[in-house]
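Structure 1 and structure 2, given next as structure tokens, are two forms of the same protein chain, each shown alone.
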Structure 1
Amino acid sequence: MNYNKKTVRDVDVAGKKVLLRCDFNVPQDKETGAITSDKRIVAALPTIQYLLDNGAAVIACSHLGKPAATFESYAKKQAEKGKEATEEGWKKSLAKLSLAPVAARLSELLGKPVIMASDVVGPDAQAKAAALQPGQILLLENTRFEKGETKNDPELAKAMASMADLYVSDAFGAVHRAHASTAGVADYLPAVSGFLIQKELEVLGGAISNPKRPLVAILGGSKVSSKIGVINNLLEIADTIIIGGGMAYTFSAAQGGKVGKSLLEADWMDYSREMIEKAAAKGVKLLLPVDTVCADAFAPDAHSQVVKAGEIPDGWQGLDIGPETVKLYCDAVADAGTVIWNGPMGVFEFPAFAKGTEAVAEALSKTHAITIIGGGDSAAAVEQLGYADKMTHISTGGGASLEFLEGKELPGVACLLDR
């Protein structure tokens, strides 16, 4: 995939109406609906401010959550929960996922009014977009209120595009999805990237195509099956691959180890053996845990003990990497040129089993390497531990960064104009 895409700086935006896809999928309080973190809104500000300062009229759009776009889909969800569906209940569920609170916070951050449309491509959006002047910003309602959004419906994409002269993509967290607002609109408008996506492509693209070596990839998380493509692709380019998290137990079992009640994908044991053999054949160091912190239950206060890898007693389950493994992994990143980290080393949600993840985060904060955190739980870990400012780059898209590392084409990037 070509990572060298045109950005907002490569086009004249003065006097243009710009459809800007942002990632305003912010966390909210379930009871009050209040935004609990505005990081994603703040992340969009540089691109928005640039467009406004350079004479563009900005029509921003984003999804929020997973609303039921039709009453039928809402009724189906309710039936699965054993609940009755009503029109009033459906409308309330949509109201909870309105972007109105985002518009209010964005207005505060920009220090200027944000005009809010009550629909996406309906009469209100069309009228407000038509009246929009340079230096003004309009926010469309939640794109997923339209049933054609997730299906990449060409009619919806065409309707959205009809309001603007240029499309700017700046929602990296959504570029792996071929939706109407992330890819479809580029069929009808010239499309370039905003500053967020530009940085993601430069940093992640550079790490894949021309990394500062040694390149060390740390892969955690629960399942081997979700990281197959990533491991396979990284075996072609990495110098060292470190495996942690729940998927390590499938590798351990594949080598004849005892894993007790640990997370195990028996169907992927042959694949794990193939990866070990492939790494050896390519001269890539594949580091697996040498010891494990195991527990007698999946609980924050479970009894725990440290055992050698492959020697977990019956009835016990591995929940974190052990102290010897921590040392092995931290030593591996100390002299790295580039480190890519995606996925925790253990059950990070339980403090007693977060030590492996914490140690890796601390080691990355001390290395002189280029450090790239692939979003999701890894990003949450470095932020919670206070190491975020010590990292070179924290990706804004967990799923997108994972597919990027797999070497997959991202629809929301492929649709942008090449330089």
Structure 2
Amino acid sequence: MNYNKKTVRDVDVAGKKVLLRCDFNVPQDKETGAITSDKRIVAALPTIQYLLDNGAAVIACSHLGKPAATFESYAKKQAEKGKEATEEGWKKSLAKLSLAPVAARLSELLGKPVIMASDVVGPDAQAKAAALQPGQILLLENTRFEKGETKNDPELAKAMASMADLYVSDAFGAVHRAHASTAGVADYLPAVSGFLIQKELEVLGGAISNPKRPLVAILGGSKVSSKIGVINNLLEIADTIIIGGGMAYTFSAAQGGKVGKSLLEADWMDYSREMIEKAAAKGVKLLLPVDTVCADAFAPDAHSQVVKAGEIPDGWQGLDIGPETVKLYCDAVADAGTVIWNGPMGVFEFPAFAKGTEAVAEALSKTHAITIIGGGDSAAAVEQLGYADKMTHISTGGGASLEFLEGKELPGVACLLDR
């Protein structure tokens, strides 16, 4: 697929102040706040380096986590947990989601100082942006500290835009959201993409518009309701669809199976039946588990047993695909032309329930197929297992890549200038 949006190469960036939206939403250690993977920062480097090398002054920004932007929203969240809210507690919760550790890591990676602003569009950001020189980089504070961010408030978008001459988006992980910093700003500045968005969309677009066949899509994980909808569109493009992880039990229940305490999205049972019928009508193979590893608790040391799919005893829950299913799925992957994988096959964080995910990752590492991994946990599993460099592409955007595969418009891409 031809990428049809302008990129930083299509515009003159020299002497410009560039507002660069990155996806610095990095995973952090809960206790220490240390960044546990800098993959997303590394992924942003080519565009940052290009802009700095070509005489731009870069005003980088990103969200991090889900801070409560107002005391009221913080108090509400605390109340839900049965806790009292104090001003001090709120400030602490914000401090934990400061981008300062990202600035430090980015500075190490770039080998130059990264100036950190203490706000997003406040006096500190404005002053530092105004003083910024070509070749220098400033990082604004967490965009979600502003309550207008997730509401795509035009006033916030305008204030962000007012600091720059050009908007560059490279936050692939956030382009499926129409927020002030991912889409709104494009109303006030010429807007182009960076190299990461371009690469992601070229790879994903190629995989669905003109795939090397057979095209196999593997879906799993626990975010069932946000992922299951993609199947309808995948049935139009894939040759085989493989279902594992938590999603499998909704299909099993829809066919009258017993799923015990497994993850179940009852609202999606009718849809699951429709998908099974649609797959049959279209001649698409829809593979569902034939057996499952179930456990008497959600715990690493739970008792476990392998049972046939749909025969999970009361009180037990399916935490992995079973050995027969592993064989079936690995065979389906072996002769694929393209494989798109989103979502682990089981609770791979517990070694006793990691076999399905490990086997599928290994099978992918061995095929000659184009292999595309989406989803934070799936990518982490592949990395932990040491297969990362055996894959064709590991996407930095789980939600964005799924919405793209669903055929939905990505607001953070749609707002950019066409070529």
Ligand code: ADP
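Numbers follow structure 1, counted from its first residue as 1. Keep in mind it's a predicted model, so treat the numbers as computed, not measured. Here, rigid core means the biggest group of C-alpha atoms that superpose within 1.5 Å across both forms.
Could you point me to the form predicted alone, 1 or 2? Of the two, structure 1 is the form predicted alone.
So that I can tell if residue 134 moves, could you say whether its C-alpha shifts by at least 2 Å between structures 1 and 2 after the core superposition? Residue 134: C-alpha displaced by less than 2 Å between structures 1 and 2.
Is the shift of residue 308 between structures 1 and 2 large enough to count as movement, that is, does its C-alpha move by 2 Å or more after the core is superposed? Residue 308 C-alpha, core-superposed: shift of 2 Å or more.
Following rigid core alignment, is the displacement of the residue 53 C-alpha between structures 1 and 2 equal to or greater than 2 angstroms? Superposed on the core, residue 53 moves its C-alpha less than 2 Å between structures 1 and 2.
How many Å does the Cα of residue 266 travel between structures 1 and 2 when the structures are matched on their rigid core? Shift of residue 266 at C-alpha, rigid core superposed: 3.5 Å.
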